[in-house]
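The chain that follows stands alone, in the form predicted alone, written as structure tokens.
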Amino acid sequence: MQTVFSIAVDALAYGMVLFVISIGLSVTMGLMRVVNLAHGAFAMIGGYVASYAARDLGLGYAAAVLLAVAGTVLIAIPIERLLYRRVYGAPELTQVLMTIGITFCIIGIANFVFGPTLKTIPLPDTLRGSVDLGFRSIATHRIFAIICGLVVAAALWFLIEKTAFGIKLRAAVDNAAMAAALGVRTEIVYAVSFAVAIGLAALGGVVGAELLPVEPYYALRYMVTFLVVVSVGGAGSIPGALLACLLLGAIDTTGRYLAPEYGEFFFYLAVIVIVILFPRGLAGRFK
């Protein structure tokens, strides 16, 4: 029972970390129709900035997280304006080539500036311990990661369902040309959505650093993982992305616990089966 409980907690934490990082990519692909293979690179930037802020500048964990999110968004804004806007509506191959080029550029610059070494983000004392449930202890950081995922999911739901921006966002998703004709400034909607997506990627890169270590080729190592989550959940679908992350996180974690010699075999086997059964994703595009 202790093994089952450990698998469940680790799977939930891992799934929530995947969700925080991948949901931005899902919304970006669903709204802007951009295959952004550089999404993981922005998560890596967040991890690098947080590590530098905490280890070299001596800032606290909370300040490092805020600086990582804000710094990554500030870096991403000119990239979106100068590069991404040029490929909105372009063929998918053009988008893939440009965004993977951005990925390699970010990797090169990050390694040049921060060095080609594994980056760690020191946890505060409050996140280093564990919570005793009587029959089992849970690492506090795992609980923190789970709470972050739940908060992000709830906040995104509120933003999309209950705000004026959400109405404009859904209008742009359904018919961008008609929304623009009715006065919705779709370029601003795109820019804000892109900034939110990048901010979430940076947040996930920091919060998930204990589960997905921030290393020089982070962006390439997890590129396929983030893209797979979007494909399985359905581009633009928040419920689909959450379900995909929890399901794939459970399968991957269980496989690593019970049959570690198989690596990610069970993860990608599950992906193949799900894509065959649900070619449009678990939830389809978010409406």
Partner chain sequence: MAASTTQTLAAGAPARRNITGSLIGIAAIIVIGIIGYYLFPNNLALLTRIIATALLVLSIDLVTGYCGVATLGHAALFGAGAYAAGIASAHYGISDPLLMTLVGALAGAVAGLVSGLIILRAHGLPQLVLSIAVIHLFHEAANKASSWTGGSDGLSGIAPTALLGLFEFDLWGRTAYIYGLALLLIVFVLLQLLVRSPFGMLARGVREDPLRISAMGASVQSVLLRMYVISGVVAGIGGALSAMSTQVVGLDSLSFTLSAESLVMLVLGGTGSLYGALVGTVSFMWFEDVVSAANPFHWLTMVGALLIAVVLFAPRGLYGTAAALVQRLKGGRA
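All figures in this text were calculated on a predicted structure; none of them were measured in a lab. Residue numbers count along the first chain shown, from 1.
What comes next is about the form predicted together with the partner chain, which does not appear here.
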Ala179, Val73, Ile107, Cys148 - the one with a heavy atom within 4.5 Å of the partner chain in the predicted bound form: Ile107
Please determine whether Tyr217 contacts the partner chain in the predicted bound form, using a 4.5 Å cut-off between heavy atoms. yes
Taking heavy atoms only, is Glu261 within 4.5 angstroms of the partner chain in the predicted bound form? yes
Is there a non-hydrogen atom of Ile100 within 4.5 angstroms of a non-hydrogen atom of the partner chain in the predicted bound form? yes
With a cut-off of 4.5 Å between heavy atoms, is Lys162 one of the residues that contacts the partner chain in the predicted bound form? no
Taking Val96, Phe265 and Ile272 as a possible spot, do all three reach the partner chain in the predicted bound form with a heavy atom inside 4.5 Å? yes
Tell me, please, which stretch of 49 to 57, 250 to 258, 65 to 73, 27 to 35 lies within 4.5 angstroms of the partner chain in the predicted bound form when heavy atoms are compared? 27 to 35
